[in-house]
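Quick setup: one chain, the form predicted alone, written in structure tokens, and binding and motion questions come after.
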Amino acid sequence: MKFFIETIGCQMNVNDSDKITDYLLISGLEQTNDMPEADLVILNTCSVRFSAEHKAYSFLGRIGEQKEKNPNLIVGIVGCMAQYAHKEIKRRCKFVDFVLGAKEIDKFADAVSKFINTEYVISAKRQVGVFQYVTIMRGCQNFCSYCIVPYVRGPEISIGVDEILNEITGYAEQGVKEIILLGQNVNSYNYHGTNLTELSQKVSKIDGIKRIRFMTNHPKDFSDDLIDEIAVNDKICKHIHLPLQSASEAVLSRMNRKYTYENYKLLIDKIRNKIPKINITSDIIIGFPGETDKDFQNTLKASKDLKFGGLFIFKYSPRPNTKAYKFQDNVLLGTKKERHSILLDQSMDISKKLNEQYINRTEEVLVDAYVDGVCESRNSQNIKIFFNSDNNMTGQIVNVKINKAFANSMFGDMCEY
């Protein structure tokens, strides 16, 4: 039997799909990237934004067409959208055989075994790349007023240290060089007294692992000991993704973010003082209910003052079950689009100027991929760097002298030192 899996959403979903893939491979199935070839189709869904749900239903339409051509096709829907909208999915898509929410992802084996006979194949392995996501905790209990995650993934649960280290050791043995530790609020990881700082120290001792990253961070939980560890641990990359969401005190309060803009700015200053080479990126939500022109101008000014290396900017969309769902979505879509465009343009300009400072500098990079004579790599600051090469150097750490810089990437030439 062959299976096809489509993943929508965050890195956590990617990691869940990896685990589903691993299970199906060792169960004797073969993975295909061509859905019409599949006997089993899995759609891993996201519900953080309306656009993700729209994409899921659109893809479900394609699956439905395939089911008409192949009535024996087995269809499973998993993930966050499946958690809260399972009844609606079954109502709208009667061809779906099973629906499994994000809280129930560990029950996938039981769910799929009702439809297929599996045969354990110990030699089957998923093809791993240079980097690998590793989930270290699930759930969240911050209850930001716009966020559906606590309702679809449940409260915070930290995964055992030995389980995490064994998983990473296995990846290292397969050639993985970089590990990205994942959690909805990764800074609050705590398993029987072991926090994120201590876990990172343990991961850095695993042979073969050259780089460590973690996400997503929350400003209220980013500790001094973690800052100190990033500063001194050469394996922890000098890049932090630290969502701000808004620089308006009123908006932050309605979002229930549990910090003020002044708190956030002081944290940024502390991080940069101790880690001068750090690259800080962030998230911003545009058009949250009640956001005024002044609120937006505060965020625009903050973005300019803080000089983020990159911004992920999202137009607010109401999510069912959240506190903000009851707020009046009173910022017009046209206004959201206009503010989004203004902030994005400013962010791209700032990123380009920051990247231009790398010109004529030599950067140590880890090569992620090789396509048509070009190596794609990233430095410790998580900036994409391209360079020409006659050889596939994927998985290797090399030095590249930068000669061109753009907002989202840089180009250079490989050098020997």
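Model, not experiment: these values are computed from the prediction. Don't overthink the numbering: it's just position in the shown sequence, from 1.
The following text describes the form predicted in complex with a small molecule, which does not appear among the structures shown.
Original post:
Among the candidate residues 135, 245, 83, 248, which is the single one with a non-hydrogen atom no more than 4.5 Å from the small molecule in the model of the complex?
Top reply: Of the candidates 135, 245, 83, 248, 245 is the one lying within 4.5 Å of the small molecule in the model of the complex.
**OP:** Work out which of 214, 189, 146, 264 lies within 4.5 Å of the small molecule in the model of the complex, going by heavy atoms.
**Re:** Looking at 214, 189, 146, 264 one by one, just 146 meets the 4.5 Å heavy-atom criterion.
Original post:
Any of the heavy atoms of residue 254 lying within 4.5 Å of the small molecule in the model of the complex?
Top reply: The answer is no: residue 254 has no heavy atom within 4.5 Å of the small molecule.
**OP:** Tell me, yes or no, whether residue 48 is in contact with the small molecule in the model of the complex, where a contact means a heavy atom of each within 4.5 Å.
**Re:** Although the small molecule is absent here, residue 48 would touch it in the model of the complex, with heavy atoms inside 4.5 Å.
Original post:
Is residue 199 close to the small molecule in the model of the complex, meaning a heavy atom pair under 4.5 Å apart or at it?
Top reply: No, residue 199 sits far enough from the small molecule in the model of the complex that none of its heavy atoms falls within 4.5 Å.
Original post:
Would residue 281 count as touching the small molecule in the model of the complex under a 4.5 Å heavy atom rule?
Top reply: No.
**OP:** Given the small molecule in the model of the complex, answer whether the residues 285, 314 and 317 all have a heavy atom inside 4.5 Å of it.
**Re:** All three within 4.5 Å in the model of the complex.
Original post:
Out of 191 to 199, 146 to 154, 340 to 348, 303 to 311, where are the residues with a heavy atom within 4.5 Å of the small molecule in the model of the complex?
Top reply: In the other structure, the partner sits against 146 to 154.
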